[in-house]
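Next comes just one chain, in structure tokens: the form predicted alone.
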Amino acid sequence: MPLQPSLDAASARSALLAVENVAVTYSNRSGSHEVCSDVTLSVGRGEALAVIGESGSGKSVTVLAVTGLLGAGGTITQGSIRFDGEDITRLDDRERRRRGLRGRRIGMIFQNPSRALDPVFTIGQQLNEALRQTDRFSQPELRRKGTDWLRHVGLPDPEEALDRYPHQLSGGQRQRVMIAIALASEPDLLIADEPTTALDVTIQAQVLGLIRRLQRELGLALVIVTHDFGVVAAMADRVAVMYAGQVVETGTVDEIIRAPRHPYTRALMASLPTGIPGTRVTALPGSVPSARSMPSGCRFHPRCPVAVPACSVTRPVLDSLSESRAMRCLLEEAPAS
């Protein structure tokens, strides 16, 4: 019987980021609802981890829990989050700022740069805030370093761009500014939450290539949230597949793409167009359940093509299949659908 993967003390210390058995609950007037449950994943220095799944799978909530940005009503009710060996699970905003855990050591690229950038401050002023987290610079030094970062992310006329406001830049240029701001504080970990959602296809490829190049050049740990296997193949070393607030499969990119084992991962892969004439594309029926109406047993069983009666009553755990792989399924060797 495979053992349930749990990050032991040594593993938690060696991983830069170690999320273990985390549950997140949101509470409002209508009650409390657990949106993430038993989430376990990790990423090492210099490694790129992709977190993938449909909308509503809990991907963004997981990274918001890491950064302490769950917002009103959001609480980590179980498990632990360790960063560089230190338990940061329940640190408040003030303590996170004091320890440099938001902005300086952990950088974040958000989905929508138009909302993330402050419209009343110039690009230079917003870059300065990030640069001041690393050292005290004179105004000329700040301007020189700001120009260097904008040039580093490929922004045309970087010195002129420092004096512009966000609305004076295109969507792709704003996203490049967000990347510059996230990296200017020289973080150890970069989190990119659907970083190309608002961009057209050509700009998407440029931005993703830029993030991957800088991640490798700077030796950053990268967590990229996405719903696109094309992004996974281009950006990641390892993958965590999420469904209904849980991690259901983990493995290397090659393992997940070439030989998916969880029925949900297989269904996602089967729904992708291959570009090969005559290849059948199979749509995944149904939708991800809401936190208010999670099914009993395995959360995927109502949509699963290989479910057996036990799947509706027994909750599977995330079992280790090998050193690099784990799967949350009652069927260790799930049959082909």
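Just count from 1 along the sequence shown to find any residue number. All values derive from a computational prediction rather than experimental measurement.
Not pictured, yet referred to below: the form predicted in complex with a small molecule.
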(request) Could you work out which of S80, Q111, Q168, S114 is the residue within 4.5 angstroms of the small molecule in the model of the complex, going by heavy atoms? (result) Q111
(request) Taking 4.5 Å between heavy atoms as the contact cutoff, choose which of V66, L268, V35, A307 touches the small molecule in the model of the complex. (result) V35
(request) Indicate whether the small molecule has at least one heavy atom within 4.5 Å of a heavy atom of V61 in the model of the complex. (result) yes
(request) May I ask you to state whether E255 is within 4.5 Å of the small molecule in the model of the complex, using heavy atom distances? (result) no
(message) Quick check on S55: any heavy atom within 4.5 Å of the small molecule in the model of the complex?
(response) yes
(message) Under a 4.5 Å heavy atom criterion, is D188 part of the interface with the small molecule in the model of the complex?
(response) no
